[in-house]
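First, one chain by itself in structure tokens, the form predicted alone.
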Amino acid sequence: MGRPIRFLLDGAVRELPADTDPTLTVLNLLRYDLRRTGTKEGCAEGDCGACTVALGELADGQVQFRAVNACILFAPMLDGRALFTVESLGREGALHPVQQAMVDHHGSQCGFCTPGFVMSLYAHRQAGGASDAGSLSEALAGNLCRCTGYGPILAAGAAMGAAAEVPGLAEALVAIQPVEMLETGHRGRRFLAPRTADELAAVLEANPEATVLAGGTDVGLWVTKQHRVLDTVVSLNEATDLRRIDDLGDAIRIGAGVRYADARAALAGLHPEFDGLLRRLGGPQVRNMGTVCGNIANGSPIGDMPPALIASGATLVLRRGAARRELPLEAYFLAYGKQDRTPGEFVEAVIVRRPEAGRVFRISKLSKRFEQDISAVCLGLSVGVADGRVTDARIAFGGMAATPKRATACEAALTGRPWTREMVEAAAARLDDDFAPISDMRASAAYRLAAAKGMVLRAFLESAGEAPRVLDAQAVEA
């Protein structure tokens, strides 16, 4: 069935047969098939970074490097890309500058996490990333060191030097770029990667029960943690027309294939609050693969983006075959695990509107860990104020219900009333009518309600100048 999966490993063409297991992870491919055991398994869920590898892919004729988690990346997703592992770096008896810097600055302790740190630093270096402490800390946010050796690792990053071009890599990538849809099959299971949105729509219409794969940061865990068997996987990653961000003037249209790392600047251009949230959404490896629309499509009640997008008035574009429909984002979430999407229909884009000048627009995320952690509560708030009174309000929360949900009672209590601390506190009290959160490992129900009320009040205090703005990118909320 189909054709081989072609990719570059250390600049040389490698092929995987067309009957490759559709959900074989790159981690297992490296360790068990290619015997590259430098890439480690620490968590098998994209959280610890021990399995970090670097991918090189073409973008406008240039090679773009990304650090990604091999543990939740499926082997067919390597097609047309260049793969680099820790073994790729040291050649002919000489250490790579990143490796040498780790040695010189004693950046390795027990050593288990070291290959992942090296590869994150390598990808950051090759991408032209800055070497200041803030940029390096962000670049390494997806890597955990259980020996707490972060200081020497950051020092190594500052000393590793500037990027060096990989000779001939761009030309080699051009030579292996696919022109037709990838289709693999293994024991009755299939992996299909359409090349356009139209082709994707046709494939999903013919395979309405297929699992739609975007970044794999969620679907990968279905395989590694839940051990699900996915009969048909349809990847949208190769549909280049779904990777577009279109400027609509007062809004942007983000295609289904746009990764967080690529959407960040555009979203921050709408409002700086988005940048603070994206700084904390997973780590670089997650943002380098996870997509804005994928985070919406899976309908998680604790997804970070939906509350902020709902507050901004975002709309969703759904497509089945040639038919498209739009709906307010909040209407997409029906119940836990249930979304307004018919078989064969997929999320094609999300349209995010620019908050109007003068509005109070705030995004707050509460989590136990500043980086690479799931929200306990996440708030998106947009309030219009004229002549000291609230003209309208859109307030949405994640982590407070079975779906991302607007706080309609709180909104109603604010609308038409003075924008004062007394009225905001009274409106925040109405969150008791809006939500009945659960207690789980992240927070108790009582804590969630108390925190949500405090987040609404904080938004007011900041807007009124009664409290300094504490950007999520600069300080931990809890």
Partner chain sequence: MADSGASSPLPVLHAPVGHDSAPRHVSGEALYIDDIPEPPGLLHLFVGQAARAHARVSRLDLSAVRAAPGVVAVLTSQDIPGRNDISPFAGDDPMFADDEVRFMGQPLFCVAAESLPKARAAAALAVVEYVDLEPLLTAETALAAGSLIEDSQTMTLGDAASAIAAAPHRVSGHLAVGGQEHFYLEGQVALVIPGEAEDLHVWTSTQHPTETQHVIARVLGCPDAAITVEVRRMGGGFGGKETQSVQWAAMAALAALKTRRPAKIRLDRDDDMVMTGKRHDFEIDWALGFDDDGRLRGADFTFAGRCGHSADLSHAINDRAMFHADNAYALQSARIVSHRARTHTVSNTAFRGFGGPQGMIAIERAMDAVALSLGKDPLDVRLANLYGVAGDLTPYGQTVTDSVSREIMEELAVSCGYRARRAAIARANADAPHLARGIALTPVKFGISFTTTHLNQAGALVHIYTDGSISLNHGGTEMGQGLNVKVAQVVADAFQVPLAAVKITSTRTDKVPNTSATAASSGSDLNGMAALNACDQIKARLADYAGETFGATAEFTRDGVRLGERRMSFRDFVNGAYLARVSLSAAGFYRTPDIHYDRTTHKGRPFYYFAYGAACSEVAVDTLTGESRVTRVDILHDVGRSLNPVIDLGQIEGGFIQGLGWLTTEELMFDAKGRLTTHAPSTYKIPTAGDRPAVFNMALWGPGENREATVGRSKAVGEPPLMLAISVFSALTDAVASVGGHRVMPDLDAPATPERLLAAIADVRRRACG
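Positions refer to the first chain, counted from 1. No experiment lies behind these values; they were computed from the predicted model shown.
The same protein also exists as the form predicted in complex with the partner chain; that form is not shown, yet it is the one meant from here on.
Here the marked residues T37, R369 and R458 all reach the partner chain in the model of the complex, each with a heavy atom within 4.5 angstroms. By the criterion of a heavy atom within 4.5 Å, V229 is excluded from the residues contacting the partner chain in the model of the complex. Shown alone here, T415 lies farther than 4.5 Å from the partner chain in the model of the complex, counting heavy atoms only. Using a 4.5 Å cutoff between non-hydrogen atoms, R91 counts as a contact of the partner chain in the model of the complex. Shown alone here, H106 lies within 4.5 Å of the partner chain in the model of the complex, counting heavy atoms only. The contact residue chosen from S137, S131, T240, T408 relative to the partner chain in the model of the complex is S137, the criterion being a non-hydrogen atom within 4.5 angstroms.
In terms of contact with the partner chain in the model of the complex, the residue from G388, G151, G188, P167 that brings a heavy atom within 4.5 Å is G151. Note on the interface: of 53-61, 448-456, 426-434, 66-74, the segment with non-hydrogen atoms within 4.5 angstroms of the partner chain in the model of the complex is 448-456. Shown here without the partner chain, the chain has G90, R91, E92, L95, Q99, M102, V103, H106, S108, Q109, C110, G111, F112, C113, T114, P115, V118 in 89-124 lying with a heavy atom within 4.5 Å of that partner in the model of the complex. In the model of the complex, the Cα-Cα separation between G49 and E92 shrinks by 3 Å or more relative to the displayed conformation.
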